[in-house]
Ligand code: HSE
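A single chain comes next, written as structure tokens; it is the form predicted alone.
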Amino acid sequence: MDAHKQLRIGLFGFGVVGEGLYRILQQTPSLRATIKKVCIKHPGKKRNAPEDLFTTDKFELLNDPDINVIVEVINETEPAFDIVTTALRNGKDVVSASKKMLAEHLPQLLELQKETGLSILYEAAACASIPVIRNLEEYYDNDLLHSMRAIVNGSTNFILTKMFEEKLDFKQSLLMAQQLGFAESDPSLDVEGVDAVNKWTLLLAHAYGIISDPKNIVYNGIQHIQAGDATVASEKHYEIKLVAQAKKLLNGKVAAFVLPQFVKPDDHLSFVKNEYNGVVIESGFADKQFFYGKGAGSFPTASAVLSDLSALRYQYRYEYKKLYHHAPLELTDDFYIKIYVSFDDWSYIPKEKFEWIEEWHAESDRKYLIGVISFKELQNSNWWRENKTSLILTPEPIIEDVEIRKLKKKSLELAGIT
């Protein structure tokens, strides 16, 4: 596809993002991209576009030889996968925003891209308006990429911001997020961390060449965080954020997870409020770089789709350099983490699984402790997700094996145990 070629688009979905793209394309004639047909599910709905633009027959788009790009912005995973794979096999490039579909089917999609030589771009699927995928593809060598930490879900960040700044409880904050359109009527994918881990799966592929099923990444959301946790955080001069993170360890493997975390006031992520997203990338020579922008909404998400469409004019494809041109890195669970855990009853907490416990507060109804535990224990158990237990990482949670002995000795000395 040369730089001057007209893009003729078949669009699936005319919700918040689809309509946003339609409006943006009307305002950017220089792109020379037009939507030829839009496939929708419910034909009776009133829409702000000419009626003859719409169809309920997907094959009107997928089998039209005049359409050379399929843009897919629907919410259902399996139909989206079917649309994308059919489009590629029919010789059409694809732009998608369906993070769940992409994360769950990435190996098949990689194979299909190899087979067809076509492109599937999905900048809009992670962090909406922030061009993080393209940056990871083009600018960071995985040998030099030390770590990546991010707030990738605007709904949970909005809820946590309200809990801290307006002292609302979780339910009130969630209701406000729903009223403003930042959270779905069924918010479970957001608040339980599923949306964040799907996005993180995609970013790990571009950062480190790691192709993982989202189910293999340890994650949790903010559903059990209580007002008392926010109070403890404030006393310690922290905030709580849902943070996706990955770090290359001394053994050359990568620790990666998505969990709530205490964040210090000087952390870049503490500046990320409400529905915004932020990504901090640390590399060998560039030190820390901070990307910040809106992580949801009609125009921010559609702007990322527009950027992908623009790139297709220049035959742009993701090269997956870290996967195909380097030795891809592997995930590991061979490290320790320092965690805060709050709970109602000591009997729910396997104290014997901790390497050591630095603080414990048992006098109030809601009890808590801060201690160090092996990551394997979290990977292989569920006690920390059950019985309203709240687990939050400390600000620098990862402790490698070489550090553990020194810290254990020091901790026992401080506790007066020799």
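Each form is matched to the other, and the largest set of C-alpha atoms that superpose within 1.5 Å is called the rigid core. The first residue of the sequence shown is number 1, and the count goes up from there. Note that the structure is predicted; figures quoted are calculated from it, not measured.
As for the form predicted in complex with the ligand, it is not shown, yet the points below apply to it.
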To verify the annotation, which of these, Tyr318, Phe182, Phe335, Tyr140, has a non-hydrogen atom within 4.5 Å of the ligand in the model of the complex?
Phe182
Let me know the one among Gly278, Gly193, Gly154, Pro260 whose heavy atoms come within 4.5 Å of the ligand in the model of the complex, would you?
Gly154
Would you say all of Lys99, Lys199 and Gly295 touch the ligand in the model of the complex, counting a heavy atom within 4.5 Å as a touch?
yes
Assert contact_stretch over 184-192, 251-259, 76-84, 321-329 against the ligand in the model of the complex, heavy atom within 4.5 Å, equals 184-192
Determine, after fitting the two forms on their core, whether Leu174 shows a C-alpha shift of 2 Å or more between the shown form and the other one.
yes
